[in-house]
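Consider the single chain below, provided in structure tokens and representing the form predicted alone.
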């Protein structure tokens, strides 16, 4: 398990764009954290700092006490898996099985361990029967599942998901929830970049909002919604419904139903 610590981190791109100004935060091991905010707030830049794709131009990022700027990016990526919003940016192998095997094989796992990791990831994402298909023969939905499987197979202690609920149908949404439950069982840390406030309310224990390259809010989703998440972030439907039913402050559907049961004391 890995603690993530960000100390005064900022990042400026070569063209002079300042994406992050000064970010301080700690993400304990086994957390499920939402990273939200308007477009251009710095969410993706922060995620790439955590994954080692970028290093801060000021401040530092520590993974289990190790400064990411002082170790190879490959070492950071082995600890922090990243599923891109657009799977075509990360899928490259000629078959699904080869794609999913690439990560664990390059981490130096034995072939037996690689085979087991591939089988498990394909089963989790219902891709076993498509193992020998070329990724670009797949639908966009299937391709997203391949990208997720290729990161799951590495069994990284930290996983970053970029807009994982975008354009999901019911079956894919259920698969995603099943994968998240499995990650929690093995005590992985999950960071979700998302605009989906309903998902945040139901699945995340903590919510970070970035605005203009800084952390504008940080806390349990209910507290952040109560304070007002700000422009462009609509409170979740259960939150709005709970207020209409005179049960303010409730974010999760199961909690709202429980509060409406006779004798609940609400």
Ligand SMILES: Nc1ncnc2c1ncn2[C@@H]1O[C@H](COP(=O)(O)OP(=O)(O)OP(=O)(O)O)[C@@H](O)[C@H]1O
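Not measured: the values here are computed from a predicted model. Residue numbers count along the first chain shown, from 1.
Missing here is the form predicted together with the ligand; even so, the following discussion is about that form.
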So if I measure heavy atom distances to the ligand in the predicted bound form, which of the stretches 215-223, 234-242, 45-53, 63-71 falls within 4.5 Å?
45-53
is_contact(residue 163, the ligand) in the predicted bound form, heavy atom dist at most 4.5 Å
yes
In the predicted bound form, does residue 195 come within 4.5 Å of the ligand, counting heavy atoms only?
yes
With heavy atoms only and a cut-off of 4.5 Å, decide whether residue 95 touches the ligand in the predicted bound form.
no
Evaluate residue 19 for contact with the ligand in the predicted bound form, applying a 4.5 angstroms cut-off between non-hydrogen atoms, and reply yes or no.
yes
Listed residue that, although the ligand is not shown, lies within 4.5 Å of it in the predicted bound form (heavy atoms), from 85, 128, 141, 120:
85
